[in-house]
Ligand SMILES: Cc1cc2nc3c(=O)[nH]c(=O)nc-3n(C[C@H](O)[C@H](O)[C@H](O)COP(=O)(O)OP(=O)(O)OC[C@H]3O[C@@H](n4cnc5c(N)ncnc54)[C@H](O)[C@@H]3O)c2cc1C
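Single chain ahead, written as structure tokens, the form predicted alone.
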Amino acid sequence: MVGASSSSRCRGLSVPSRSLGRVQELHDAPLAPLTTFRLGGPATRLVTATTDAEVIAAVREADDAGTPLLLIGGGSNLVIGDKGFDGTALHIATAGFSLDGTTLELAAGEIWTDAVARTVEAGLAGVECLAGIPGSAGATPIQNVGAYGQEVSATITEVTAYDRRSRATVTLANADCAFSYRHSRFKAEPERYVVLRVRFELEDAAGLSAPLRYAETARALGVEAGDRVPLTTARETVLKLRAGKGMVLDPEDHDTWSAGSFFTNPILTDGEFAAFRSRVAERLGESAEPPAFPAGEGHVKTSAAWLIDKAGFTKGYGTGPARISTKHTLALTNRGDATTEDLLALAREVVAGVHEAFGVTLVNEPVTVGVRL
């Protein structure tokens, strides 16, 4: 997918090519500005589509020509190689926010955190604890985005997508999306589906939030898990918690030049978790207990942040242009002049260190393009 850079690409030149209606098309276009990491080389061709029809036309054109295609929404979950992308990068910038009673429909290009704010203003619960998450609405079902006790799979009713295999627009009900922890059918088949629209069913709880499921949020609010609080209070509290961890984008703060959580929380079998606990006791002492959360029959989820910290990679770790955030061990950051290879070197160091210490292999959450961890 990724070809060698030309000299003009190395200089990051962006040369207009032509305009197809409202579709903007550029050649040798830098992709770093479209990502929250602000990393990655240029694309041979960058197309920006603002309607579903334009998205479908661009995808079909690439497929008919056999051209590699990279889909970009909010760029919050992408690690693009320094050589860039040898093909067509399609920036999905569609707009559409429709609220009918408690039913919300979002175009894939809608800014997610803005959409959450509007649902809270409308007095509807179900996604208020997902405030501040960067990226676009179209990415939420792909990753089954979740935080602070909520996941989009709990409120998504259906996803409209373009199926590149059948060359048709399809609508998948929630049960057909195969949602699981940070995973979905769309993530399992990345070359097949292009998300166009997402529909949610929210709750009118008289201005109150959904029952709080996350202990940290409940503690911050001084309530018990399962309680409800005013919607605006829940959203503002989550934003404050996220900001304290460098998880709210701020162009002036390099601690936020990241993809949020770089690693997913490991899910281990009961046997793997027992072996892991033994390693913890050997390294940290018999009284040390690693975090453990139910993850389905015969499985336990533990904390990637805890693993990273206890393996010696503390907040602010690193001396180069890519470092662990000073606010949260799960965020790997670009301090302003990093390259993708700088970031990957840090990520590999963390993965190797955690595995050596505890026998657990961390898995990256962001999608890698033209590179491998």
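Each residue number is its position in the shown sequence, starting from 1. Predicted, not measured: the structure shown is a model, and the values here were computed from it.
As for the form predicted together with the ligand, it is not shown, yet the points below apply to it.
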249, 267, 117, 220 - the one with a heavy atom within 4.5 Å of the ligand in the model of the complex | 249
Among 230, 87, 146, 211, which has at least one heavy atom within 4.5 Å of the ligand in the model of the complex?
-> 146
Counting only non-hydrogen atoms, choose the one of 239-247, 169-177, 119-127, 285-293 that falls within 4.5 Å of the ligand in the model of the complex.
-> 239-247
Partner contact for residue 234 in the model of the complex: the ligand, 4.5 angstroms, heavy atom = no
Close approach of residue 50 to the ligand in the model of the complex, 4.5 Å, heavy atom = no
May I ask you to check whether residue 367 falls inside a 4.5 Å heavy atom distance of the ligand in the model of the complex?
-> yes
Considering only heavy atoms, tell me if residue 156 and the ligand come within 4.5 Å of each other in the model of the complex.
-> no
Counting only non-hydrogen atoms and a 4.5 Å cut-off, give the residues of 186-220 close to the ligand in the model of the complex.
-> 193, 194, 195
